[in-house]
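What follows is one chain in structure tokens, specifically the form predicted alone.
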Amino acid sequence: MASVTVKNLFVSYHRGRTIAVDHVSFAVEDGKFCVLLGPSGCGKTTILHCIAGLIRPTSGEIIIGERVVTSTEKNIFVRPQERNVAMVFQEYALYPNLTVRENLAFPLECQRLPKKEIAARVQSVAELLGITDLLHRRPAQLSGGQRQRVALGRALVRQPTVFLLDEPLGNLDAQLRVQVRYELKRIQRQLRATMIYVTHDQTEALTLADKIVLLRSGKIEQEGSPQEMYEKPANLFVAGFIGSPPMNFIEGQVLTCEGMLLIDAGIFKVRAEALGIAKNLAPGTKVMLGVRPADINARPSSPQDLLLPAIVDLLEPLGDSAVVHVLSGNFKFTAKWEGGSLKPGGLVSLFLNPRKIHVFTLPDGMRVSKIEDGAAGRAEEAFP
């Protein structure tokens, strides 16, 4: 296996009028699972195709292991078949006239490997994926999940240095997605393979990735571990994109009262220092407050919790819990509810720990760092 480094990658079309990838740089360590995440049209598939050698970038450099495979500055471009990478597409791309065994063996036959080695590799991969009893079937006789495992097996059998996966679960139903997602993560850990996975589904990214690279309009908005992206979103876009149900947002303004800084959000006022932010905000500053539904509780968790009386608007039962849509004043927000039964139109008291509130400055939408981020002091010092 090998690491992958992308340096200042730029891809444009129509003589520069359309920019697909705008000077993107990131690195994937050897044996790690990296997810390129973002909405449609953000450039994630283009980056994957550049790594595979299917697209020549306008400028930039790509290094696989210690080998430069693309460099516009040095005039280097290694052909796709010489990069030793394997790609799995959203469409299974299996040969319909070949059996599963023949589909798995085909890339090895193209390499003119000995028949004994081909048979051994096919058998080994089939056992790993649990498809040994399917080897005699053709793709038309397989379910969606089985076809996807065969497509993955065709990549595994080549023993590449890097696996590239372009939304491979897109055609599967919800239950199969969970099953194949588990198998994919298990195989990646077992083989200690370097994988770069493209998706627009943030749930897939959070469950699969060691590292997430979140893109928008061809640029990186933030990169980091799933936990870091969830707990410390860099800006409003990241905060709204990561997490399900999505984060609640409410606009507020910084005020002064008796020498203290307050943030007035309409339905509540909170001392700025109670939020644990490490940066002083000037009075009059407009901010956006972000609260995750999971951080709004049916019971207080600390004496500093804010009380939010609300009216239940809509319930989405999830079995062991529910997503509840409520109205508080003119503000509509969602919360994860694990308390007693609720009815639309009923009154409910919700509690919010101010430490869980994310603060973003306006109009740039950048997150204000917190004391616990290591920006200043200790978290306990936020409360006098």
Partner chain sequence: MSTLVGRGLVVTVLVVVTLLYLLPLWGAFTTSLKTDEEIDLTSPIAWPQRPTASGYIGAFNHLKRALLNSVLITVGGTFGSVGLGAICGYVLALHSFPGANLVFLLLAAGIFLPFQAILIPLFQTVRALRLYDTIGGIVLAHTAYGIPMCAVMFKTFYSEVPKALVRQALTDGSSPWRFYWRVVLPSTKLATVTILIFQFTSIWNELLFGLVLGGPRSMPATVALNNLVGTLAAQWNIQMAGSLLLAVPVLIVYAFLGRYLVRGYMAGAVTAV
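Because the structure is predicted, anything quoted here is derived from the model rather than measured. Positions refer to the first chain, counted from 1.
The form predicted together with its partner chain exists for this protein as well; it is not shown, and the discussion that follows is about that form.
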Region of this chain that lies against its partner chain in the predicted bound form, out of 91-99, 228-236, 171-179, 70-78 [heavy atom, 4.5 Å] | 91-99
Could you tell me which one of 300, 144, 107, 309 places a heavy atom within 4.5 Å of its partner chain in the predicted bound form?
-> 107
Among 186, 116, 112, 192, which has at least one heavy atom within 4.5 Å of its partner chain in the predicted bound form?
-> 112
Triplet 87, 154 and 158 all within 4.5 Å of its partner chain in the predicted bound form via a heavy atom = yes
Does its partner chain get within 4.5 angstroms of any non-hydrogen atom of residue 32 in the predicted bound form?
-> no
Should residue 355 be counted as a contact of its partner chain in the predicted bound form, where contact means heavy atoms within 4.5 Å?
-> no
Would residue 63 count as a contact of its partner chain in the predicted bound form, using a 4.5 angstroms cut-off between non-hydrogen atoms?
-> no
Give a yes or no for residue 322: in the predicted bound form, does one of its heavy atoms lie within 4.5 Å of a heavy atom belonging to its partner chain?
-> no
Select from 21-55 the residues with a non-hydrogen atom within 4.5 Å of its partner chain in the predicted bound form and write them out in sequence order.
-> 49, 52, 54
